[in-house]
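Only one chain is given next, in C-alpha cells, and it is the form predicted on its own.
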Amino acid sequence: MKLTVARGELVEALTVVSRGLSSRSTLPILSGILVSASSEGAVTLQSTDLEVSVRRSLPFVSVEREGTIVVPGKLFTDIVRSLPEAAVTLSLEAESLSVSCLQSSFAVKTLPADDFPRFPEVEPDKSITLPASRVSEIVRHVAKAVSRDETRPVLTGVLLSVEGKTVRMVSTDSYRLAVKELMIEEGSLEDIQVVVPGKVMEEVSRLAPQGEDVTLGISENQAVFAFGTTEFVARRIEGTFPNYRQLIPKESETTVDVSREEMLAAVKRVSLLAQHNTPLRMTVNSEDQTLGLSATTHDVGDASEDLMSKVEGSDVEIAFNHSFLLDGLLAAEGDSVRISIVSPLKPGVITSSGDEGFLYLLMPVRLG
C-alpha cells in the first residue's frame, strides 16, 4: 500500500475515527485503526470497540498501491498531528507503515488486517434527517443528565422519539431528568421511538459540521448516524426507558421567576462553600419576593445570597445538589428561568422563558 494525502484532511478524519477506539487491553486489535486504500483512489479509515463502529472516507487521495492495514490508533493519530501542514505519504514496508512528510519520517509496526472486525452494514427500517445545528442544539440540552452508571444501561442512553413534526430527546440518571423538544417545519417525519447511546449522540453532535445534515437510520438492533463521508454505527440500547411523563409534576405550590444570568452567577458563588456533597439550600419568600441561596460546610464556612425574583404561591425551603442545579441552568436558554416547586420532598422543575420545549427536573436533597 502507498498513498499520499493532505495532512489537514488526514488529521480531520483521524479525529473522527479515533472516537471509536477501544481501550480494552485484552483485544489489542480494537486499539487500532483500519486503513483501506483501493486503486480507484478510495481510502477509508475504520475503528470499533464492538459497541460503536466509526468509518470515514477520505476524498482526493493519490493511491499508488492499494492495500489494507491496521495501525495503532492513538500513536498514528499523534504522529500525524505532529507533522507540518504538507502532503503526507503512507507506504507499507514489510510489517511497518512508513509515514513521511517533508523532512519527517516514522516507521510504525502494523497489526494483521484479517483480525479486524467487519464493519456492520445496516439496512435501516426507518430514518430521519435533521440539520446538524438542530442535532447539536437538542443534544446540548439533554447531555448532562445522561447516566454514566453502566449497571443500568438504559439510563446511559438518550430516548429519541419522533411524532409527526415533533422531535424529542429525553435523558435521566435517576437524580435529574432533561427533556428537549423541537418542531420541524419541513413536512412530517417517520414516527420513531428508540434509545441510543448517549455518548454516541454527543460525539455526532460535536463532530458533524454545521451546515450539513445528519441522517439517523434505525434497524432492529442498531442505529446508524451518517453525515458527509462519516458513519457511526451503534447498538441500540435494550430495555424499557423510564416513563418520564409520570415523574413531571402536573401542578406546583410555588413558582419563582428569576434572571437566568443572575441565578447562574449566584449559584456559582454560593457553591464554593457547598463542599463534600453539601447541598445548596433555596429559600423562597413570597412577601419579600426573594429567592435565597445558602450553603454551609462544617469546619469550612458558609455563604448566602438573595436574589430579587417574582414569587407566586407559598413560602418554601428546598435543597438541591449544586452541581446538578448548575447543569440545569446552563442548559436553559433565555433571559429568565422559572423554578416550580411542589414541596421540599418533591422534584423541582426548571423551565426557560426562551424555550418552551425545554424542561429540567431535579430531585431534592433531604434537609437535615
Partner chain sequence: MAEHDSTSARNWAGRAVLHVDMDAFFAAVEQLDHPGWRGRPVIVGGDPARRGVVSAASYEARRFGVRSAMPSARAAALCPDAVWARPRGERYRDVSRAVREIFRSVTPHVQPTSIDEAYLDATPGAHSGEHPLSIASRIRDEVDRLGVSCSIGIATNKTVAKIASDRDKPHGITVVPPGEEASFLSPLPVRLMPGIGSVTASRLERLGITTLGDVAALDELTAREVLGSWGPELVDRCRGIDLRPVRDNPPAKSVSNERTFAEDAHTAADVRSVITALAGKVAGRLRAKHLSGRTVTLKVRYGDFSTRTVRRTLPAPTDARDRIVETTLDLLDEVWSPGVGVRLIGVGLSGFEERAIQMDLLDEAPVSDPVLDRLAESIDEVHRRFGSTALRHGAHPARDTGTPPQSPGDREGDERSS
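Numbering follows the first chain given and starts at 1. This structure is a prediction, so every number in the text was calculated from the model and none was measured.
Another form exists, predicted together with the partner chain; not displayed. Remarks below refer to it.
Flag T156 as yes or no: does it have a non-hydrogen atom within 4.5 angstroms of any non-hydrogen atom of the partner chain in the model of the complex? T156: no, not in contact with the partner chain in the model of the complex.
Tell me, yes or no, whether T229 is in contact with the partner chain in the model of the complex, where a contact means a heavy atom of each within 4.5 Å. Output for T229 is no: heavy atoms all beyond 4.5 Å of the partner chain.
Just to confirm, H298 within 4.5 Å of the partner chain in the model of the complex by heavy atoms? It does: once the partner chain is placed as it appears in the model of the complex, H298 has a heavy atom within 4.5 Å of it.
Would you check, heavy atoms only and a 4.5 Å threshold, whether F106 touches the partner chain in the model of the complex? Although the partner chain is absent here, F106 would stay clear of it in the model of the complex, with no heavy atoms inside 4.5 Å.
Since the chain is shown here on its own, which stretch among 75 to 83, 171 to 179, 111 to 119, 124 to 132 would lie within 4.5 Å of the partner chain in the model of the complex, judged by heavy atoms? Among the candidates, contact is made by 171 to 179.
Give me the residue from E137, E212, E261, D288 that has a heavy atom within 4.5 Å of the partner chain in the model of the complex. Looking at E137, E212, E261, D288 one by one, just D288 meets the 4.5 Å heavy-atom criterion.
In the model of the complex, does each of V267, G334 and F358 have a heavy atom within 4.5 Å of the partner chain? No: none of V267, G334 and F358 comes within 4.5 Å of the partner chain in the model of the complex.
So which bits of 309 to 327 sit within 4.5 Å of the partner chain in the model of the complex, heavy atoms only? S309, K310, N321, F324 sit within 4.5 Å of the partner.
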